[in-house]
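The form predicted on its own is given below as one chain in structure tokens.
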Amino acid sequence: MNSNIEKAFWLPGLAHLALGPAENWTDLKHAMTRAGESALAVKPDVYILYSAQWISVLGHSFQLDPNPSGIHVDENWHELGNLNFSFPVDVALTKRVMNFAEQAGLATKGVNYPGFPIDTGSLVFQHFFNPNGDIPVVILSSNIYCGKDDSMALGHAVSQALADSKQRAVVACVSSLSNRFLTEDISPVQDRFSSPEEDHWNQKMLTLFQSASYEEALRLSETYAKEASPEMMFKAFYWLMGVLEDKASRSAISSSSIPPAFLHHYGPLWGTGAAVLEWK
């Protein structure tokens, strides 16, 4: 791994984790709390965040507002309440990432205007990892038309920018594994995976992550995307591999340089596959 990266995380991002009664989805919430405390313990200079819930169409978007702030209501679960937010963005590092991405042939676009919507996943991350809103963040979008190769190239642009800046970073992607919601109203104790097959494929991928078998995970990724319907077709995985593999290509990785993942918790979250993973 890039020596500037202290830790990396894979996280769920539904609003239920940051809002609602404390007794709901307690195992997942405790796992998110532990992961957030682990990240804060290394005192990073910056967080790098890829959220599968920030969907862009015309290339890759980057947050350039130096201090996004406001009130967010989730578009699906507005009854849960509001997410208030205010946090700093590392604009200089963001522009470095954009520069390396452009050198790799990727289309980039910076956004900076009052009221630009911050997605729920990014704010759930802030809730657990940046509760005081004092650690600068770089936030990247998930381009709906971006495939495996370009997603890995975007991740490698992050790694290059960090090496160039010499900042100590914690990297995180917010993405469900399987991503089909239950279609009826449930209580937390009624939660379950949308299908046993999706649970099976999620666990298969998690086993590969925990054994550092990333080449095999990459080989199976397209099949996994078809069988389990992961959020944004598993783009977060490709991006994260591009970040963690210090010499990533557009199509392959060398697993020997990436450590195994530690699984804090895996379980259903309104039918989706929610995993809290940490790379140390």
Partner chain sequence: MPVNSSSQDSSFRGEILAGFLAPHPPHLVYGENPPQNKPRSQGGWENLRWAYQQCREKIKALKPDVILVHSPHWQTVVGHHVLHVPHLSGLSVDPIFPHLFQYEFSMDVDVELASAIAEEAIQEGLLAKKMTNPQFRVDYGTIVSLHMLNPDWDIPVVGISANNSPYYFSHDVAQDQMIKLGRATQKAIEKTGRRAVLAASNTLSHLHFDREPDCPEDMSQEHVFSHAQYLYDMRVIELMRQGNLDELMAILPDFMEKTFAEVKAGSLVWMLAAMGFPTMPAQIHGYGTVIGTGNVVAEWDLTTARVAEVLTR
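Given the structure is predicted, the values throughout are model-derived calculations rather than measurements. Residue numbers count along the first chain shown, from 1.
Although not depicted, the form predicted in complex with the partner chain is the subject of the following passage.
**Q** Could you check which residue among N202, Q160, N130, N179 gets a heavy atom within 4.5 Å of the partner chain in the predicted complex?
**A** Only one listed residue qualifies here, and that residue is N179.
**Q** Is there any non-hydrogen atom of G81 lying within 4.5 Å of the partner chain in the predicted complex?
**A** Yes, contact at 4.5 Å.
**Q** With the partner left out of view, is G59 within 4.5 angstroms of the partner chain in the predicted complex by any non-hydrogen atom?
**A** G59: contacts the partner chain in the predicted complex.
**Q** Consider E75 of the chain shown here, and say whether it contacts the partner chain in the predicted complex, taking contact as heavy atoms within 4.5 Å.
**A** Although the partner chain is absent here, E75 would touch it in the predicted complex, with heavy atoms inside 4.5 Å.
**Q** I55 versus the partner chain, in the predicted complex: is there a non-hydrogen atom within 4.5 Å?
**A** Taking the distances in the predicted complex, the answer for I55 is yes, it comes within 4.5 Å of the partner chain.
**Q** Which is the contacting stretch out of 93 to 101, 131 to 139, 182 to 190, 151 to 159, given heavy atoms within 4.5 Å of the partner chain in the predicted complex?
**A** Stretch 182 to 190 is the one.
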